[in-house]
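Have a look below at one chain only, the form predicted alone, in structure tokens format.
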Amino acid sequence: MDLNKKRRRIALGCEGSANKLGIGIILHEGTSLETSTSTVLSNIRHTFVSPPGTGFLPKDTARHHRSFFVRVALQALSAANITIPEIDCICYTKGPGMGAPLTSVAIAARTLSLLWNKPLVGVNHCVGHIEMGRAITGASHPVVLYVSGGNTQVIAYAEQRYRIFGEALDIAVGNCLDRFARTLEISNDPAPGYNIEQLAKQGGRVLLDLPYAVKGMDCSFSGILTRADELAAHMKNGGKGPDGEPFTPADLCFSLQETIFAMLVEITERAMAHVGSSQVLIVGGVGCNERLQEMMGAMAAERGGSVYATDERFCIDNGIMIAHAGLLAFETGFKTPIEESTCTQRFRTDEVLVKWRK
């Protein structure tokens, strides 16, 4: 794309890799990738919330996305106050994520592309989080901690790729928190991880012993979850803590957070030392957690560095991050042909050629 001829570019982004359906519209202005500015025109989201003690099944989540897509799209267009001819491309989450919800939104995005005669751009969900985090916070060359319900990765940029330095070996950190919320039958509204965070603030009388599973640059969370579930059963049966006193769900949530966040801080610090970075950017839904930000901030401060994070508008899955990352790729000439507009549950962050960065 010749940016001198097209100084204003607008993209509509569609996200639906998990239980959040998001549609966002973004504006890029400028004549070069390095100096262009970004403006969020709209960022509308609708969440599928399952009953306490349950998770969200792919078929139910996909049905939710199909049911609400048109409504959310119309709200996004209205909030952005633009017309369809002004849109330059339609961006959608190609993966990773849950198969059925991904497929529902990919088909909807493909439909818009055909109806409106607009180019289509498939976007890596993880890269969307990173680029939106960089745009909002201004972090220039950070080590990225990407923590969500489906992913846990420590990432740094090098030679037009986001390189993965460490990751979860089994379940993601957000999945660990969500599944423990089911064990305690905590509400899923607005989000199980958020409700665990609030409960943890009431705990702290005792730090219960949980496995600390850092293996090189990688982490394992399944064993921690198993032990936390065992302690929850012990608590419900009237069991006592290590000090001989009863412990509460708040103490369990506190202990779980302290343990898993300490693991994340350790591997992030090691990556910072390796690449020589003084910046940490936390992205993904778990990145909203204030205790994680606090612990990461303490580590970064000891190294003379700083932590960058966004609020729930951009941390939690949203359409604007897909619009932004997709438009960055579109500006380098990238498009997804209709016949290749598929989606995949497995799409690694380091598979993407980041042509828009030097």
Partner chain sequence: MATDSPLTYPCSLTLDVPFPDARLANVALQALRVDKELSALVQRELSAVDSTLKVQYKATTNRMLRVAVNSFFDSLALVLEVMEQLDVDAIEARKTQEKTG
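In this text the structure is predicted, and so the values were computed from the model without any measurement. Numbering follows the first chain given and starts at 1.
One more form of this protein exists, namely the form predicted in complex with its partner chain; it is left out here, but the text below deals with it.
In the predicted complex, the one of A233, V214, L169, L115 near its partner chain [non-hydrogen atom within 4.5 angstroms] = Spelling it out, the residue with a heavy atom inside the cut-off is L115.
ask   = Of A262, I107, L207, V275, which residue is found within 4.5 angstroms of its partner chain in the predicted complex when only non-hydrogen atoms are counted?
value = Of the listed residues, the single hit is I107.
query = Can you check whether F69 is within 4.5 Å of its partner chain in the predicted complex, heavy atom basis?
reply = Flag for F69 set to yes.
task = Flag T111 as yes or no: does it have a non-hydrogen atom within 4.5 angstroms of any non-hydrogen atom of its partner chain in the predicted complex?
result = Taking the distances in the predicted complex, the answer for T111 is yes, it comes within 4.5 Å of its partner chain.
query = Taking heavy atoms only, is L74 within 4.5 angstroms of its partner chain in the predicted complex?
reply = L74: yes, in contact with its partner chain in the predicted complex.
Non-hydrogen atom contact A158 with its partner chain in the predicted complex at 4.5 angstroms = Output for A158 is no: heavy atoms all beyond 4.5 Å of its partner chain.
query = Using a 4.5 Å heavy atom cut-off, which stretch among 219 to 227, 267 to 275, 98 to 106, 190 to 198 contacts its partner chain in the predicted complex?
reply = It is 98 to 106 that comes within 4.5 Å of the partner.
task = Any residue of 162 to 176 with a heavy atom within 4.5 Å of its partner chain in the predicted complex counts; write them all down in order.
result = Result: empty, none.
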